Each structure stands twice: as C-alpha cells, then as structure tokens.
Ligand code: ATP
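In structure tokens, one chain follows: the form predicted alone.
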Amino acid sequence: MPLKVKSPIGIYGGTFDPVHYGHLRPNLELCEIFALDHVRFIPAFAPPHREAPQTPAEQRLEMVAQAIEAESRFVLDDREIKRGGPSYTLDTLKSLRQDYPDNPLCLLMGMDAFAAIDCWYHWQELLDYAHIIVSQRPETDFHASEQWSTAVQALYEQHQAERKAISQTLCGKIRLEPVTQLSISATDIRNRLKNKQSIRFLMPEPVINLIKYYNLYT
C-alpha cells in the first residue's frame, strides 16, 4: 500500500541575483504537473560552489518577494539567510523535514545543477530527505546524461521513478521532467544593466523597479 502522505512541497534554491522568468516559469509548470502544495523559493546566503552574490541578502530577498507576490503557490523562505554561513542544501532539507514531517519534499533543479550534484556537500544524503525533480529541456537535454559522471549516472539509475511515485513517498526518488525553459541568465541580465541595455520582459516589472530604485548592477 502506498504511504498516505500530504501534498508534495517544492524546494527551489539559488542566489537569485537577480531573480527572473527563467526561475519562475519552469517551477510553475512543475507545481502543476506534480500537484505541489507550493514551491518554496530559498535565497542562499553564501553558495558553497560559486562566487558570492553581488547583491546583499536583504535586497535579493526583496526581489524574490516582489517576483512571486502574484502567484499564491510560490512562497519566500529566508531560512538560509537567517542561518548564515555556507548555504548547504542538506542542512536546509533537514530543517524543512522537521517543519513538514508528512509532506514529500521535492528538490527542484535544472539539468546543469544535477549533473554536478556529486560535488555537493554530503550529496549522497540528499535523497534521505527529499525527492529530486530535474527540469529537462527536451530539445537540448536529451543526451545530457551521456555527460554525467559515473557517480551521477549510478545515482539516477538507482532512484529514477515515475511521476506518481513523487506523491506516494516522502523522499528518495529522482524524476527528469520536461518543462518550458527560458534561455535567461542572471549573468546576462547583470551585463545588460552594466551596459545600459534594456532588461524588460526578462523578469517581472516589480523586480525591474527595485533594481532601478537600488541602482543595482550598474
């Protein structure tokens, strides 16, 4: 008998420096596909595997809050900012499991992130606390698995699952899911702003207004 559990919750982390439609649209689709109760957007305080964000945490939080305000299924979660120090996903999942003991937790990420997951802090333990749902671009990610390390390939083969398994168990499954992915990057947005180019239609208008108000990325 499948375990009787509550609705799944999506977990989506990043620096959001700045947040844009490439962060928002795929997660809205995943929310619908997996009937997620909501998606928690969790800005990192100090990402362990990349350079520090250019923008202070408080302003990145404010940008995400403005970006997701119109979507009731999106929730801002500031636990990594409050915790300080390196923002290890495993620590965040442990904290969320305490808050939501009866909900499947779904760690949402793109194919690039999943391909490097064996470089993450205690990566073998992530599936003890959550499922992993990987946003897949059908056109460009079809052969992505051929570039995975042996460790990532083994992880996927051991834990891959059908959609229905995500809602029936609390953790431990991996699902590749085709979604609409927009070729927008925070790096490109920052470069456009530095070069005094328009960023209209790359992110929600309230975020653009905040960037102008704080004079960010110039």
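Just so it is clear, the model here is predicted, and its values are computed rather than measured. Just count from 1 along the sequence shown to find any residue number.
The following text describes the form predicted in complex with the named molecule, which does not appear among the structures shown.
Taking a 4.5 Å heavy atom cutoff to the named molecule in the predicted bound form, the contact residue among Leu90, Ile81, Leu76, Ala113 is Ala113. Screening Ala161, Ala151, Leu182, Ile33 for any heavy atom within 4.5 Å of the named molecule in the predicted bound form leaves a single hit, Leu182.
In the predicted bound form, His49 stays away from the named molecule, with no heavy atom inside 4.5 Å. Proximity of Leu61 to the named molecule in the predicted bound form falls outside the 4.5 Å heavy atom cutoff. In the predicted bound form, the named molecule lies farther than 4.5 Å from every heavy atom of Ile174. Heavy atoms of Met109 reach within 4.5 Å of the named molecule in the predicted bound form, making it an interface residue. The candidate site formed by Pro8, Ser72 and Tyr100 is entirely out of contact with the named molecule in the predicted bound form, as no residue has a non-hydrogen atom within 4.5 angstroms of it.
Contact annotation: the named molecule lies within 4.5 Å of heavy atoms from the stretch 186 to 194 in the predicted bound form, the single such stretch among 152 to 160, 165 to 173, 186 to 194, 61 to 69. Residues of 11 to 35 placing a heavy atom within 4.5 Å of the named molecule in the predicted bound form, in sequence order: Tyr12, Gly13, Gly14, Thr15, Phe16, His20, Gly22, His23, Pro26.
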